[in-house]
Structure formats: C-alpha cells, structure tokens
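Here we start with a single chain on its own, the form predicted alone, put down as structure tokens.
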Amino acid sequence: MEEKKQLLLAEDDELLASLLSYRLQKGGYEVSHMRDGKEVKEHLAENTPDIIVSDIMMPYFSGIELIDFVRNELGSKIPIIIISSAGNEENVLTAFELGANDFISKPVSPTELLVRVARELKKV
C-alpha cells in the first residue's frame, strides 16, 4: 500500500481549513493543519511535508514570509501552493518571485485544489 503524501495546510479560517482538510483527506492526503505562521515554523522544524498549501494572510508570519523561510532559510524545494483572498497582482508576483509553485484565489474550490496539489506532486 502506498504511503500517504504529507500535506501542510496553513490557514487561519477554521471553516475553510475544515472543508479543505476534509476534501484533501478524502483525496488520500495526510493533512497537518496549522492556524498561524508560528505553528508552521515549529512544525517545519521537525517535519518535512511533501507539499505546503498556505494562505497569504496569517497571524505572526504571512504566506509570503513562509515562502521566503522555506526557500531561503530551509533551502527546501517543497512545492508551495498559495491561496488567498488578497489576490492582488503584487501579492501574486511576490509569491512567485520568492518561489511559490502555484496560486489560487479564494473562494477555493476543494476539487480544484486537489487537482493542483496532485499536479505539483507529479513534478517532484
């Protein structure tokens, strides 16, 4: 039996996080949900997920800072998908410049997220 892929979901909106976690788990992923950037950093100090899905706007540590942390401090190539209602062009460009692999504007379709996660993991 194939081992489940580890997915880190960084999202402070509890309702959205529950919906996405449920759909991702049904899609065969093991989901670790973090509510803020501080929890994400602590988690990444001890765990290496296969993929990260992160909101841009989070308490303590934004999704933009998370990309920078993963790419530059950890030196990791873990695929990162950013989701955000703050889908302004500047945030999108900054996310991609720092090394995000994909960007989805809210409202997020759980099915679309599942497809994009699978697509990014096939590239690894």
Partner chain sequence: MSSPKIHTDLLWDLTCLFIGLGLLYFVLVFYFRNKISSKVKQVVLRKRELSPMISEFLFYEEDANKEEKSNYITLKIEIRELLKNDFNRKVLSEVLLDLQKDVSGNTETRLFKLYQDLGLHLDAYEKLKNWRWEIVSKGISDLTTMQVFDAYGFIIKFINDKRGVIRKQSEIAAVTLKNEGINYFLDTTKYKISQWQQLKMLEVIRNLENFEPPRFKAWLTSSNKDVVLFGLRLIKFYNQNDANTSIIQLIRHRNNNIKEEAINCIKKFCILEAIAPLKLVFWKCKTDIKILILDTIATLGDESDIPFLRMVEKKESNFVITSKVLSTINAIVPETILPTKGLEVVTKEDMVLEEEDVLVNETLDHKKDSPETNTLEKDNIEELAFAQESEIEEINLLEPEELHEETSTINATTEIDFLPHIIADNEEMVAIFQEPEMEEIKAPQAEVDSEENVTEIADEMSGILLEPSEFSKEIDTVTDSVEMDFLPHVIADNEETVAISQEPEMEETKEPEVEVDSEENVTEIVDDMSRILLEPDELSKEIDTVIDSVEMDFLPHIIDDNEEGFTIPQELEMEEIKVPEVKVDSEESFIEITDEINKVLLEPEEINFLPNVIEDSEEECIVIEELNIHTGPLNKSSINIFDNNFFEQDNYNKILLLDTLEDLGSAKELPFLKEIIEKEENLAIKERAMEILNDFSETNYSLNKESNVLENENLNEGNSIFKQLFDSSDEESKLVLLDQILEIGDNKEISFLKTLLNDENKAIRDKSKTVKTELEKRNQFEDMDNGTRDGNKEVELLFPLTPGDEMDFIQTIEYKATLSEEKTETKLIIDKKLIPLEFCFLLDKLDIKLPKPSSILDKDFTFTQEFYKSQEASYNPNKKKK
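Computed from a prediction, not measured in an experiment: that's the story for all the values here. Positions refer to the first chain, counted from 1.
This next part talks about the form predicted in complex with its partner chain, which is not shown.
> In the model of the complex, does residue 111 come within 4.5 Å of its partner chain, counting heavy atoms only?
Residue 111 belongs to the contact set for its partner chain.
> Is residue 25 close enough to touch its partner chain in the model of the complex, meaning at least one heavy atom pair within 4.5 Å?
Taking the distances in the model of the complex, the answer for residue 25 is no, it never comes within 4.5 Å of its partner chain.
> With the partner left out of view, is residue 4 within 4.5 angstroms of its partner chain in the model of the complex by any non-hydrogen atom?
No, residue 4 is distant from the partner.
> Heavy atoms within 4.5 Å of its partner chain in the model of the complex is the criterion; list the residues of 9-32 that meet it.
Read in sequence order, the residues that approach its partner chain (within 4.5 Å, in the model of the complex) are 13, 14, 15, 16, 18, 19, 22, 23, 26.
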